[in-house]
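Given next, in structure tokens, is a single chain: the form predicted on its own.
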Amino acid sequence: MSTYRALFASAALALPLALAASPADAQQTTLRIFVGGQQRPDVMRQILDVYQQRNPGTRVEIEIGGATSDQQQQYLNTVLTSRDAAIDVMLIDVIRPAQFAAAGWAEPLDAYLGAEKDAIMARYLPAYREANIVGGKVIALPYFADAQFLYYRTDLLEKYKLQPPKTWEELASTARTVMQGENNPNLRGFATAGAPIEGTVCTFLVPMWGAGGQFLGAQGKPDVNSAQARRALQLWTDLKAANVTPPNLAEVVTDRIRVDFQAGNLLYAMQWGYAWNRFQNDADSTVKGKTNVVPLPGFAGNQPATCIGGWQIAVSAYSRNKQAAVGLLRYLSSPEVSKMQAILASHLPVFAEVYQDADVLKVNPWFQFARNVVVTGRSRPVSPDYPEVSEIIRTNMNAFLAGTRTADQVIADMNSRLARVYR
């Protein structure tokens, strides 16, 4: 048993996520941290228990809300707009720091980090360092990195003597071969997010980038009326026509992909790093030991692309315990916790050295190549108006995947509305 598994084996996993203070705790500082259900609050609870043991004057409660990034952000919008001091620390998507900075919702951390600021920020992977510095100010610290990968069923590819696909064309061909051979009406070849959620932004961007396209042109203005954007849309049209994707793709949310793959109903899945741990450890997983991970495919003759994600930790501008909150932030954004998360949840590290840690690689052998995927991955548009940008892309993509809008309609609507945002 590894050092960290031994450490957490004795943790009180059954403790309620929000703990009520007793009279004996009256002198303690109580912090409340907001986390989404998909960011493994059970693992965070274990990490916080260790923090509390080391800092007996601080108690940390967890508030859980929202199954998706969008739902979590809707809740935080309400809390922070009302200047509610109930939340001290919050997990925010990597796309949010610019929005939080513009709204004044996150406490800038520069004064708290002091002379150490540059040295602290230099340790993080570049994309996460850059995402959290807005207008020269440190708005948040990275909690874990993420990127989209291609998960696949090793048993089925081996059965049909197939190799993991390196191109979208190979993915379609091998998926049809396996589906025909298995003759299982519940088995589909591939799934990605298609519901009107944040993940569906990546469903549009990844193949467009992989076809050589750009979201922003030379003048810093979006132009999705391109051959590459149309090629991306055509990819989903072709996969749908071949019955490779689920017929209800426009209803599929991120964790639904995980559930379907785990149930044995998918050959390939475009998913984030957290899914590996669930596939290997969930009691109801039918794919334990039958799963592997590779970088996403690309189009023949082009470089493949992936969408990076990840979660950051920010201190609420309305917290009454900011100094204590920053202390917790520093711990949660440390190499020690990055390693804990990698082992316990397959959360991708924000420190380069953790990818090479022997304990981490024993649990996540695919982390050997994951760092390069994260480092070379592409970021969604950085903008204080990102919520509007996201809404334009994901609702159009959802309508396209549902068959209620054509490619021409989707591209025209995205182009005109994005032009107004970026005017």
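Position 1 is the first residue in the sequence shown; the rest follow in order. All values reported here derive from a predicted model rather than from experimental measurement.
Keep in mind the form predicted in complex with alpha-D-glucopyranose (GLC) is missing from the figure; the text below concerns it.
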item	value
4.5 Å heavy atom contact, Q38 and alpha-D-glucopyranose (GLC) in the predicted complex	yes
T291: touches alpha-D-glucopyranose (GLC) in the predicted complex, heavy atom cutoff 4.5 angstroms	no
D88 within 4.5 Å of alpha-D-glucopyranose (GLC) in the predicted complex, heavy atoms	no
Contact label in the predicted complex: V178 to alpha-D-glucopyranose (GLC), heavy atom within 4.5 Å	no
Contact at W272, G309 and R380 by alpha-D-glucopyranose (GLC) in the predicted complex, all three, heavy atom at most 4.5 Å	yes
Option from 193-201, 237-245, 208-216, 279-287 whose residues, in the predicted complex, bring a heavy atom within 4.5 Å of alpha-D-glucopyranose (GLC)	193-201
Listed residue that, although alpha-D-glucopyranose (GLC) is not shown, lies within 4.5 Å of it in the predicted complex (heavy atoms), from L171, L249, V94, L141	V94
Answer option from Q99, Q262, T254, S333, heavy atom within 4.5 Å of alpha-D-glucopyranose (GLC) in the predicted complex	T254
In the predicted complex: members of 132-170 within 4.5 Å of alpha-D-glucopyranose (GLC), any heavy atom	D146
